[in-house]
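Let's start with one chain on its own, the form predicted alone, as structure tokens.
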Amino acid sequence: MRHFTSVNDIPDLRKALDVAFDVRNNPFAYSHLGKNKTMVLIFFNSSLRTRLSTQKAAMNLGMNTMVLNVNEDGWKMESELGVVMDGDKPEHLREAIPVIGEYCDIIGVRSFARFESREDDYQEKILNQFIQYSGVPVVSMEAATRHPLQSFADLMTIEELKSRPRPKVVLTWAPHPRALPQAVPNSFVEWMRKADYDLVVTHPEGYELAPEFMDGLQVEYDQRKAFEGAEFIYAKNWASYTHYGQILSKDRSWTVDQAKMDLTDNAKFMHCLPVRRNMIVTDEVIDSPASVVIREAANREWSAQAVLKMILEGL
């Protein structure tokens, strides 16, 4: 595996899960793989779990790590080609990326959707420039359209807690005060379908995800009906894809509460964090034994370490 931007980069999902559980059980067994190698983590956006878990994963494998917060630690960077750079961005990614590639063996990149242009976001212009110009393997630490390290950790969590081979997993939209990208739900759908789970997606009308992710998968617009018999409930907000980046609803009736969880088959509650309490989910649910959000977050270290191990083995 050269780059990691989606589940499609993994040749064998079952083997990748085995690697993830192996490194969780033996965190430092492969530290020789990263000896004298360096990973640079580039953040265009804020991070807590992704920053700490990916840096720790690299360190577990013996790698040196460097972190750069773009626009804070370095020059502001221009990403568009053909522009006259007469504004506040003195450096272009076209030069910055290959320079960064000279200083490391692997690059991690975190760059959210900007909501300025759906076409630009879904072309993954920033992530793809790193792949094109860096000369080294690139790991997506969340891009405009996907968050694969999160989804890998989500899959690990479901695999270890499921009670039947093909559990019913529900991805439910929930209200939020801001417009959020589709990266997490897109990626979650992609990974759950690859795992061949019984996936149900529920959201208000107008919040349909991109056709490339939902092709052939029907939406259940009745949230309560979707919850019936579910083993896992994954709550997440996302802004409209059809009315790109817009908030069409803040309907609090979509908040995940105990009454809805009672419709499930003793389901576990999942969320990528950070979570807006009593908007996305009530205190009662997230503080209950059914909540596995901390386990998910812990698995972020092992999903990242599994990905880095597979990349290092190919260098």
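Quick note: we count residues from 1 along the sequence shown, nothing fancier. Fair warning: this is a prediction, and the values are worked out from it, not measured in the lab.
Omitted from view is the form predicted in complex with N-acetyl-L-norvaline, to which the following refers.
Between N-acetyl-L-norvaline and the residues 180, 219, 210, 93, the one pair within 4.5 Å by heavy atoms in the model of the complex involves 180. Out of the listed residues 272, 58, 261, 40, 272 is the one that sits within 4.5 Å of N-acetyl-L-norvaline in the model of the complex by at least one heavy atom. Figure note: of the listed segments 101-109, 166-174, 79-87, 139-147, the one touching N-acetyl-L-norvaline in the model of the complex, with heavy atoms no more than 4.5 Å away, is 139-147. Although the partner is absent here, residue 127 lies well away from N-acetyl-L-norvaline in the model of the complex, with no heavy atom inside 4.5 Å.
Not displayed here, N-acetyl-L-norvaline is approached by residue 236 to within 4.5 Å at the level of heavy atoms in the model of the complex. Among heavy atoms of residue 192, none comes within 4.5 Å of N-acetyl-L-norvaline in the model of the complex. Using a 4.5 Å cutoff between non-hydrogen atoms, residue 97 does not count as a contact of N-acetyl-L-norvaline in the model of the complex.
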